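Shown here is one chain on its own, the form predicted on its own, set out as structure tokens.
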Amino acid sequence: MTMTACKNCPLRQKSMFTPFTQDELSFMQSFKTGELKVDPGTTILLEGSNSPQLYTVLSGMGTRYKTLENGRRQVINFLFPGDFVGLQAGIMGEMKHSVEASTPMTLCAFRRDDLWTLFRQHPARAYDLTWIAAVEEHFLGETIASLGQRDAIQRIAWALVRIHERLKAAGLQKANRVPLPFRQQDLADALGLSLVHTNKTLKTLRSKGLAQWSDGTLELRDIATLADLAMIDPERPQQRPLL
């Protein structure tokens, strides 16, 4: 299987990701051990597992989720190109949630044991891991605020705007549409709503001419109004590190 060289990584061409120095690029190429290609529904990392590898999503999308003792699932967030996966296992020894592919995915694989070499030899890139962890903490804070203080239509408006912003920044928007290949059940699980309530709310947004999500594609027809509804400011996502 042909492996994408780091110097030719298509994600590096996206303005949302911080650039590499030549030295960092050389290290990342040595850090990378290969690529993992998976089909939809594949479990990439399992809660409680101790994976020897870390991953960056090169293409495709997935979900992070926790499974409760009664078998119910809580989606934590969604995975998009450029996201780093497996940091929990790299630092804490085991995964505290599972990761599943929602579409065909290609992931760059890295040796977990080489994480400490990254800290020793490239402290600026190692700091990026702290940045990633801080952003995930901020996003979880936003999610908690949504679950606790936003009603159903506000929650869904918030999620659709934030997802649209992220995918647009990753260069996946075409004619104000972005791919959104998840199930309504995934969105419902992420937002603490029933599937029936989620479906009705999406229909309401569609009837108001604000959002259309069908056939794996999301179109936001009035982002400003959706953002007002969600009580957020529409904003381009911050430039972020790529590992």
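Heads up: residue numbers just count along the shown sequence, starting at 1. Please read these numbers as outputs of a predicted model, since none were measured by experiment.
This protein has a second form, the form predicted in complex with the DNA, left out of what is shown; the following refers to that one.
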**Message:** I need to confirm a contact call. Of Lys37, Lys66, Lys203, Lys174, which residue comes within 4.5 Å of the DNA in the model of the complex, counting heavy atoms only?
**Reply:** Lys203
**Prompt:** Here the chain is shown alone; which of Pro52, Gly209, Gly192, Gly48 has a heavy atom within 4.5 Å of the DNA in the model of the complex?
**Reply:** Gly192
**Prompt:** Should Arg72 be classed as touching the DNA in the model of the complex when contacts are defined as heavy atoms within 4.5 Å?
**Reply:** yes
**Item:** Exercise: Asp151 in contact with the DNA in the model of the complex, heavy atom 4.5 Å
**Value:** yes
**Prompt:** Applying a 4.5 Å heavy atom distance criterion, does Lys32 contact the DNA in the model of the complex?
**Reply:** no
**Thr43: touches the DNA in the model of the complex, heavy atom cutoff 4.5 angstroms** = no
